[in-house]
Every structure is written in C-alpha cells, then in structure tokens.
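Only one chain is given next, in structure tokens, and it is the form predicted on its own.
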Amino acid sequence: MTPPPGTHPYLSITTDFGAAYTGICAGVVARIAPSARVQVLSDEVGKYAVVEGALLLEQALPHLPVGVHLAVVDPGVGTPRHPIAVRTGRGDFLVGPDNGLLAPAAEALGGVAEARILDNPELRLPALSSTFHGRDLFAPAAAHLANGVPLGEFGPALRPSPLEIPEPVLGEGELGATVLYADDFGSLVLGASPRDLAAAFGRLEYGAELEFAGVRVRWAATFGAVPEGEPLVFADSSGRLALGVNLGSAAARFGLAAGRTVTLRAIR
C-alpha cells in the first residue's frame, strides 16, 4: 500500500545509534516509503539511555508534524521484550521497543488509542538479526505505516509498558531527586518539578539560595541570572527541575550522571 500521489507523509527518527546506523535505518525507510519526508530528530541519545530518549520524545514530538515517529533506544534488543507500534490520540504512530521509551510521548500526543506487537513477518526485512532490529524490524514497520498499512495488520494488541521514573523524596526543608540524564551542556535534569521544590521549601523567590553537596546553589529563572561558573537550580524547557552551571557543566563539576541522587537542602 502506498500513499495517494502527491502526498508526502512525515517520518521522524530518534536513536542512540550515532550517524551511520541511523543512516542505514533512514535508507530502509526510503526504499520502502520513497515519498516520505524523513527527519532525523536525534541520533545522539545517550547509549542505552531509555529515560533520556523517552523524555526527548515527550518534549519534541508535540512540536513535530503529525506522522510516524520511529524511536530506538533498545538495550534489550533480541530479548523477549516486544517490538510495538502505537497509534496516539493526535493521530501519530510511534514505533519502537516496548521498554517505556514511547510511553511519555504517547501521553503527550493524546494518549494510547491502539497498540500492536510487530509480529507480521511480511512487514519487516526478510532476514531478522538479533542485534539490529532498528534496521530489520522497526524501520520497515515505520515505513509501511507511512505508506498507509493499517496498524491492525502488524500483530496482536497489547498495553504498552510505562516508563519507570523514581519519585522525588520530600522532607522538611529537603528535596531528593534522581538524575534522569545530563544534557549536552552538562545540566542535570532531575526527576522532580518546581511544584516539588515548593512542597519542600515553600514559595521561593528567584535568587533564593539552597545547599547541595556543601555548595550554595541559587534558584534562578535562567543561566545568566547567576555569575559565570556558579551553580543554579532552574526549570528546564520541559518543565522539570535541573541543576546547572552558568557557562559550565554541572555533571563535570559534581561528578554526577543518570541514576545518581541530588539532595537539595535549606540553608540553616
């Protein structure tokens, strides 16, 4: 099945593969769905960083055209985890592994309307490797969806897995949050929101100081609100709390990476 003449369905690609392997996936899409407009959203998600990839998709996809969104961050490739495609309330299709990667974006796009396991051998490449499902399984599925193949033809229905993110820990004058990932500038995106900050410390005016790891950090609206090289806590563009350094890297300064805990405390 191919789209009507003159139509050019939109298809985005997000991976942790780097340029070469992502380019192969884009080539597979181009062979099966040559009329599709293909955009690589990112091939630089941290290796195996499912949470980072999921939050990028959640933030980015609502700003992209309605279309097919292929995402592969898949440390469980070749294991019993399911390959899936999801139709969202907005009308997009999300294609990728069922490891929580697609869940936040699906909610941001109107929720899951339908989800299917990619179980039809006619809608993948003839040879399925055990380590490159991006090329052999996910890219062909995304291309066939762009061509108009109905989702129901791919396989049985399922309920997609959620993304597991640790909840923040609130105490009196204290907030603990997990580092979800470090962005390209070294800012540490946290599993907490400004609402959690207010719950722990009360209403904070910009410029208020907190303490982290023996260092004073300022609650600020933007990097330039603190001197160069100084740390700050801010709400990033996704609305999550983040720990940053103006014109520097919080990840390097504090030696933290995904999975570690940041504890902010009131200054006594």
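No experiment lies behind these values; they were computed from the predicted model shown. All residue numbers refer to positions in the sequence shown, first residue = 1.
The protein also exists as the form predicted together with a further copy of the same chain; that form is not presented, and the subsequent description refers to it.
Contact annotation: a further copy of the same chain lies within 4.5 Å of heavy atoms from the stretch 77-85 in the predicted bound form, the single such stretch among 77-85, 164-172, 99-107, 192-200. At the 4.5 Å threshold, heavy atoms of residue 254 stay clear of a further copy of the same chain in the predicted bound form, well away from it.
In the predicted bound form, a further copy of the same chain sits beyond 4.5 Å of every heavy atom of residue 230. In the predicted bound form, residue 216 stays away from a further copy of the same chain, with no heavy atom inside 4.5 Å.
Within 4.5 Å of some heavy atom of a further copy of the same chain in the predicted bound form lies at least one heavy atom of residue 60. Residues of 19-55 that come within 4.5 Å of a further copy of the same chain in the predicted bound form, judged by any heavy atom, are 19, 20, 21, 23, 24, 26, 27, 28, 30, 31, 34, 37, 39, 40, 41, 42, 43, 44, 47, 48 in sequence order.
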